[in-house]
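Next up is one chain by itself, shown in structure tokens, the form predicted alone.
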């Protein structure tokens, strides 16, 4: 048999094919199978509904994967995107989109926009619809493109239509009725399904802080604050409030606290915000709030925010934009959280 690759082209092609197949098995197939076999889906992870699965296809088709990641790295700067770093089990239920379509790379390689790992816990469906129609309607500084082809403009809404309360300045005519298409509805269902599943605390990975993150730049845990350090607690909450509000609340209620008419209520001058007792406000943030036919439902932020963050947000909102109301404490937020948990 002639083993000269220069003259035996058949042997050359067979050798290339065998080499490619061997390397593919060693580098890709066997490691992937090992990871899949040893990282089953988390027990309490919710699998995608048929509507969410269709939304995943829209997510991929519209190119959302190019700008948004779905991976919370184990570094401290990623802590705003999830309660914990991502682990292999988070992605164990990813399936192929079809016979000829492979599993989409949802982890992403570029974070032009925010990470979406836990976006279902941060935003409600009303916000997502407005954001998809025109991102500048809810985030003035956004560089995300608009997706008007996912919506229809009508004179009047029909039965079963998902009406989107787009502010007048972002519609061609104030009287136009913006209605979501089925593709938009599926996409929003998918986005709302993106929530980090709980895992046992004993195995929860931790975020790694860098050397440049000095202790004085990191807020002290409120568990270390004693009764004699009330002033220090207030200073900490005052510094944490604006940042926590910007990260968690500003997208809906806006930087000026005036909200978006028909979509998100104003906090400036709100009777709930100005109430002498912060109990109702704490309960709303912990467990969500829904006022049908008036505003979009607010998701429960209790699983996402700590007692320190909630206290800081409340104090910021109750004493900003001209508001003036008594401040709350971390201990009081914890008390309300414990009561609501007991009642449930």
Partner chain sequence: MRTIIKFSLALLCLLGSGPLWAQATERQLTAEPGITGTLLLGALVLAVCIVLAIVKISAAFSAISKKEKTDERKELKHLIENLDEEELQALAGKSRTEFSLEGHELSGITVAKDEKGLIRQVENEVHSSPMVSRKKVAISKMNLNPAFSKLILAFIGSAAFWLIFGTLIGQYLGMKFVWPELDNVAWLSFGRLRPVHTNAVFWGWSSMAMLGLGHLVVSRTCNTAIYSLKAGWTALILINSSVAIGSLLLMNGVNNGGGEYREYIWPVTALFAAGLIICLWNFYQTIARRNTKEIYVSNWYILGACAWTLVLVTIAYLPFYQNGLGETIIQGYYMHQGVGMWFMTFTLGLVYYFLPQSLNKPIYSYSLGVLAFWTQMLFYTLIGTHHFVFSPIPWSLQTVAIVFSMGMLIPVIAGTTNFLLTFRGSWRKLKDSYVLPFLLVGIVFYFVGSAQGTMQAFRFTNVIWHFTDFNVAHSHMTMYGIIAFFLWGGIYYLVPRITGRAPKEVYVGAHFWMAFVGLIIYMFSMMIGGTLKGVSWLEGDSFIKSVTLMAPYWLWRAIGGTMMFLSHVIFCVNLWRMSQPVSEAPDLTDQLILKYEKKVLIS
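Predicted, not measured: the structure shown is a model, and the values here were computed from it. Residue numbers count along the first chain shown, from 1.
Just so you know, the form predicted together with its partner chain exists too; it's not on screen, but the next bit is about it.
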- Message: To test your reading of this chain, name the stretch in 156 to 164, 107 to 115, 187 to 195, 258 to 266 whose heavy atoms come within 4.5 Å of its partner chain in the model of the complex.
- Response: 107 to 115
- Item | Contact of residue 315 with its partner chain in the model of the complex (heavy atom, 4.5 Å) | no
- its partner chain contact in the model of the complex: residue 274, any heavy atom under 4.5 Å: no
- Task: Please run the contact check for residue 331 against its partner chain in the model of the complex: heavy atoms, 4.5 angstroms, yes or no?
- Result: no
- Query: Using heavy atoms and a 4.5 Å limit, would one call residue 169 a contact residue for its partner chain in the model of the complex?
  - Reply: no
- Note on the structure: Exactly one of 179, 251, 87, 240 comes within 4.5 Å of its partner chain in the model of the complex through a heavy atom, and that residue is 87
- Tell me, which of 284, 48, 67, 304 has a heavy atom within 4.5 angstroms of its partner chain in the model of the complex? 67
- Query: its partner chain in the model of the complex: within 4.5 Å of a heavy atom of each of 203, 232 and 235?
  - Reply: no
- Members of 81 to 99 lying within 4.5 angstroms of its partner chain, judged by heavy atom, in the model of the complex: 81, 86, 87, 88, 91, 92, 94, 95, 96, 99
